[in-house]
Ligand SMILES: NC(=O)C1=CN([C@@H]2O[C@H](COP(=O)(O)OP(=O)(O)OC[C@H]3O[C@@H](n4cnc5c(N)ncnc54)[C@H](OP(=O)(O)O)[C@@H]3O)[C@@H](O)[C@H]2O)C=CC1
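Read the single chain below, which is given as C-alpha cells and is the form predicted alone.
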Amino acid sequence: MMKIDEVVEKLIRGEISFHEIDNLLEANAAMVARRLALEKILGIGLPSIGSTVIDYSEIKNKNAENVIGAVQIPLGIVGPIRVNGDYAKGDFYVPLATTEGALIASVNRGSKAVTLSGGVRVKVLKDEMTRAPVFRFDSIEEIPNFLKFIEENVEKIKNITNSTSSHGRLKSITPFVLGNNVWLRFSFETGDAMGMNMVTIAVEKVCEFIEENFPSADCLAVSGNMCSDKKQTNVNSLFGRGKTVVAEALIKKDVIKSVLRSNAQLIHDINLRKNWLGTARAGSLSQFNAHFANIVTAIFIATGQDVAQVVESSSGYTWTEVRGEDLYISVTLPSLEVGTIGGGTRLPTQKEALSIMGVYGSGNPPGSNAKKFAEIVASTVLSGELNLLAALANRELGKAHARLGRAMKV
C-alpha cells in the first residue's frame, strides 16, 4: 500500500482523482490524504475540519464520499419537556444543533411553559414511508387493465417486497393517473428506520416484476415525485409520509402570565393573523406555522436524520383556541420523516444525541423507538411554536436576537 505523501503528490499532479484514494490507502489515511492535498492545491489550512471523532472506515460506502473531515455545529439542550404520548412518557431533554442564536433559549422557555401546564399530549396517527414509480403507456387503453392487474397481484407484490427486507411491510398501493402516465404510490411500514432506502430497493424489485408480467407498462423512474421526497406537496400533506403526528397542550393562565409574560387572546390572535391569514395570503401549500423548520432542522442535524427531508417534515399546522383565560395549542405534522437506526444515526455524536432521549437503535417492538422519537419531536415543535407566538405578542423577537444572536446589550 502506498504512503500518504506519495498519494498526496499524485493528487496534486492530477495523476489520480480524489475518489480513487480509497483504493490506495486505508480509510482514515485516505481521508487525511485528501485533506492534505486540498490544502496544498488551495494554499490554505484546514485543521478544524481535520479535527473529528469520526472513524471514516465506519462511514465509507455508507454516509459520505470524498471525505476530508467533518464540520461541527453547536449543540444545546432544551427541557425537560413533559411528553404524554403512547410511546414517549415522561420528562425529556432534547438536543438541538444550530448556529441561530436565541433558538434554543426560545424553545426552552416554551418547554418550561408546557411542562408547568401538565405537558404535551401527542399521538402518531399514521406511519408510512412511500415511493411512487411512474409508468408510461402508449395509450390510455391499457391503463384500466393495468390497474386491475395491480389489484389482482397485491399478494404477489407483498411477497416480493417482503423478500427485500426483514422490517419493511407493504401497507397499500395507491394509483394516480394523468394522461398515459400512471404513478403507483407504495406505502410501507419500515420499523425504526426512516426507511427511504429500504422502500426504494423493494419498489425496484416490484417494478421488475410489473414489467416482466405487464409488458406494456414502461417504468421510467422508481421515483416519479408522487412519493413525494424532499418536496413540499399536497399529496404529503393530505396522505402523509413518514409519521403523521398531532400534539396538543393547554397552557394555564398563570403560566402564560409568569413564564410567557403574555395573554391567551393576544397569542391566539397572532396565530390566526400570522400563521393562517398571512400564510394563505403568501400562497403557501402547507406551512401554516411560525417556525416548525427551525426546530425540526436542529433536531435532524443533532440526530443524524436526512436533513433535506426538513422540506416536508416541517410542513404543518399550528392551531390555537382561547378557553376561558387559558390557551389551547396544537401542532399537526403530516410528514415527519425520522428514524433511530440507519443513515446518519450511526455516527458517534448523533448516536449520543439520540441516546439523550432514550431512542437510539431498534425498539421493542420494532418501530416503537421511531414513534417515541416522533412524539418527542412534535412536542418540541409545539414548545417552539408557543414561545415564538408569545415573543411576537410581547414584541420581544428583535430584542432576543440582538441579545442572544449578536451579543448586544438591550
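All residue numbers refer to positions in the sequence shown, first residue = 1. Please read these numbers as outputs of a predicted model, since none were measured by experiment.
Same protein, other form: the form predicted in complex with the named molecule, not shown, and the subject of what follows.
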Even though the partner isn't displayed, in the model of the complex is G242 close enough to the named molecule, meaning a heavy atom within 4.5 Å? no
is_contact(P366, the named molecule) in the model of the complex, heavy atom dist at most 4.5 Å: yes
Going by a heavy atom distance of 4.5 Å, is N145 a contact of the named molecule in the model of the complex? no
Though only this chain appears here, would V114 touch the named molecule in the model of the complex if you measure heavy atom gaps against 4.5 Å? no
Only one of 134-142, 81-89, 152-160, 192-200 has heavy atoms within 4.5 Å of the named molecule in the model of the complex; I'd like to know which. 192-200
Which of these residues, H167, K252, H268, R185, gets a heavy atom within 4.5 Å of the named molecule in the model of the complex? H167
Only one of L347, L36, I341, A29 comes within 4.5 Å of the named molecule in the model of the complex by heavy atoms, so just point that one out. I341
If we check the named molecule in the model of the complex, which of the residues in 199-231 reach within 4.5 angstroms of it by a non-hydrogen atom? T200, D229, K230
